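The chain that follows stands alone, in the form predicted alone, written as structure tokens.
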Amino acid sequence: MAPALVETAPAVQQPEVNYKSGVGQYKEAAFGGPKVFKKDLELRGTEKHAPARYPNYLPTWDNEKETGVYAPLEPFEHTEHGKDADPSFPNLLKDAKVADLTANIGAEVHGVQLSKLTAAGKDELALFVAQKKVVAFRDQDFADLPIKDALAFGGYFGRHHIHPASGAPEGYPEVHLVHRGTDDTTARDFFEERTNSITWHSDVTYEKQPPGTTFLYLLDGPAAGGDTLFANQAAAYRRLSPEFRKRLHGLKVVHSGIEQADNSRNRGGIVRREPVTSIHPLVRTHPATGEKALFVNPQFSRRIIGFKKEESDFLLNFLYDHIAKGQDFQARVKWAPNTVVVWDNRVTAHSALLDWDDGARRHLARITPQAEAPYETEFEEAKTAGFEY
């Protein structure tokens, strides 16, 4: 049952915070950027690798050359369509074949064409994804749609987020591109300094109203590798003891976009909006399912309000470790041509994998509707703790 709280209320203005550093060190991603982007090579390909399959989606970093830096984002009223959905999913799954990826997170769906969904089907999609956390829809035409039509579809689920630092297709700054070009060898440099490429995060949680139902679709990818890991943050919360969950209730955490902006500048990239920090509850409630989930991640979470640094670091490190080690509430999504992966950013964390080194292009597009400002409903005592000592 959904919590008794109207999530369409505008976001509350938050005080400015100045925390920049903390245990959640921003991990620089080894994926492209304007310094290593070679458009000519992407268009013509190489002897080993074909030209870009979707040249209209190749990244540019100068969509703002006429408008300049964007103004700060303003609060808006979000409508959670999952609350309007028929939980039997008659419009979404009537012709579908659904296979669960694991017992507690993820599904793979065949027989549904997302671009053809009615409003009722989109409502059911929002609820279905909130329940499954992440869903891979195969055999989709999404990448072949005009970009404006793909954006029109995504806009049903919330206001489009324009990423402050990523590449985007020319004329469409609302599309966030994940792009590692043909013969890009920056991964070798990355692994000179790092032992792995795991970067658990939920997208842009430093915003006052972070994303909800999120869409990522494959344009080009390696024959093997480049999968994406997802963690069920609601299951991670439930796995904790009742007493520990009670201690987390009411805690607030600073999330920062400063490090991401600095990293973009250092790589010769852009910063479309001045970076922000926001304060969010450490545990948030989903407006459609009523589930509570951990809402921290090492990429953007920085400090627990009211805790001394060592205290904050200790607790956040425990939670990051808990999430990272929780392979019994994680799923690995394998990419294939014509795949659209949809997840609920409010109740999941994810990480890309940099595990191929043959120079193959990895090119994906993300449509990122924003949702409500995170909130937490009242703590509920567990009816049966299930613990005996």
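Note that residue numbering follows the sequence shown and begins at 1. No experiment lies behind these values; they were computed from the predicted model shown.
Note that the form predicted together with a small molecule isn't included here; everything after this is about it.
Using a 4.5 Å heavy atom cutoff, Ala352, Arg362 and Arg366 all lie near the small molecule in the predicted complex. Screening 282 to 290, 195 to 203, 71 to 79, 100 to 108 for residues having heavy atoms within 4.5 Å of the small molecule in the predicted complex returns a single hit, 195 to 203.
For Arg272, no non-hydrogen atom is located within 4.5 Å of the small molecule in the predicted complex, even though that partner is not displayed. Interface residue remark: His176 is counted as part of the site for the small molecule in the predicted complex, having a heavy atom within 4.5 Å.
The small molecule is not drawn, but in the predicted complex it has no heavy atom within 4.5 Å of Ile147. Though the partner is left out of this view, Thr277 does not reach within 4.5 Å of the small molecule in the predicted complex, counting heavy atoms only. Between the options Ala130, Val112, Leu319, Leu216, the residue in contact with the small molecule in the predicted complex by a heavy atom within 4.5 angstroms is Leu216. Only one of the listed residues (Gln260, Gln140, Gln209, Thr228) places a non-hydrogen atom within 4.5 angstroms of the small molecule in the predicted complex, and that residue is Thr228.
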